[in-house]
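The chain below stands alone and is given as structure tokens, in the form predicted alone.
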């Protein structure tokens, strides 16, 4: 996503009426509506959607909404006054009630279908009709597109009620998962990782739903209790919400010739994607086939950079299916995500994810999503053999480009001029055997320690090793000496500064989130707002109190605890 520095904007949106002149609904105005849709948006039951790019859906308002939080940084970028977030009209709209929005803003939102590929393999059985025509935005409804300071933003309510894609669910999100997503998007943006953004978070004072979750202290892998939780709606913002899975859906229909306009709908969604996400990068005067080739190349660049950044900051997406992969190349869908504590290449926060979506397997998962993306473009290139050949080359080159991004990232974290395979291999082994806290280790290394003592702050093994059977102390010292010899030509001040820009001090660990959303459920938002403040300055040296509270090892008793170390799909 494109980002603007706050100083480029000024507050000029102080009331909902001020958004009227900025509204521009390009998705609904330029793409195809489902011809079987109800124009009033009364689409709240599961059904198959056979064609069209979207279904008009009226969100289901939350009962008695209450403001919880908003993103001050995004408000500054958009030129929104902070007071707007708590105004009655704003809270009403972004809690799902569009009935009073000022015209010509629209009283109906839209939801989209998409296909599902898991690790590059198409699936349709997740759709209740076994056809793939009932899979899509089950509880996410976009309600506004606006062009602000030359940038197009789409605003989408998560938890806004049932859509045709709800698959029988209630369409709601709970406060727990909404707090997680709100804070994670704020944190990732501050980390410099491309992401959808958080606009606002509201909760219902009276409406609750029941969800399976973990009992206090439970070590079960699966939720073991049913709890009643407050309903919440978070508003996430992006340049678009077009997913790889959306391109796949229209490609599948074109490939199978499922209806007369299938090929046209595929071309329209691809061109719309280019206009929304790659405008200024891809020449709009080129034929579609040539645009598609350039699109694949640019998406490859963004996707490889994104995944390298995920690993740089210790983030694991958990469920990196094609429907959770934004075609604009940014982070989307904060469900079963997590930031790793003790370094583990196979770290996987989601109990249903398996190793194929684990921490250091994310480059391969990205490659599989890229394969799905390229395959989805091919019907548009069927009559253009040269373009097909170029697309195949771009796809085949993904592993090389991904490896280059990874090596550059590891070199930056270690303050090296170039990646050093042997040094990194020994480090990875030591980090697992000790083990070390991923965030704390690299931040301590960024202070250029003379010996291994400062690094022990990151060691879960403590200050001593039992009989030191593998001579870990000596091996750490030898590794540090080798690293120092490779970096000694650099100015210490310059090297430390560069490394601290690559290695954040603060990371949004799940065990920080648990008490924040637990307290929020009882109406106490103090910890949520404190986390927001701390985690939007992840590279900064903050107060001694903050450091003591958030720059520390995960308590050993929390390892293996459901909700703090692993989770089922957060809802």
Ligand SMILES: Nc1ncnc2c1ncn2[C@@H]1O[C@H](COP(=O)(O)OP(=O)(O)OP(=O)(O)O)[C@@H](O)[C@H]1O
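Numbering follows the first chain given and starts at 1. Predicted, not measured: the structure shown is a model, and the values here were computed from it.
One more form of this protein should be noted, the form predicted together with this ligand, which is absent from this view; the next part is about it.
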Subject >> Contact residue in the predicted complex, from 361, 117, 458, 324 (heavy atom within 4.5 Å of this ligand) >> reply: 324
Subject >> Answer option from 227, 169, 81, 428, heavy atom within 4.5 Å of this ligand in the predicted complex >> reply: 169
Subject >> this ligand in the predicted complex: contacting segment from 139-147, 95-103, 487-495, 449-457, heavy atom within 4.5 Å >> reply: 139-147
**OP:** Could you confirm whether residue 267 comes within 4.5 Å of this ligand in the predicted complex, counting heavy atoms only?
**Re:** no
**OP:** Give a yes or no for residue 253: in the predicted complex, does one of its heavy atoms lie within 4.5 Å of a heavy atom belonging to this ligand?
**Re:** no
Subject >> Proximity of residue 333 to this ligand in the predicted complex, heavy atoms at 4.5 Å >> reply: yes
Original post:
Given that the partner is absent here, does residue 182 sit within 4.5 Å of this ligand in the predicted complex, heavy atoms only?
Top reply: no
**OP:** Please state whether every one of the three residues 135, 211 and 319 places a non-hydrogen atom within 4.5 angstroms of this ligand in the predicted complex.
**Re:** yes
Original post:
Taking this ligand in the predicted complex, which residues of 151-165 have any heavy atom within 4.5 Å of it?
Top reply: 158
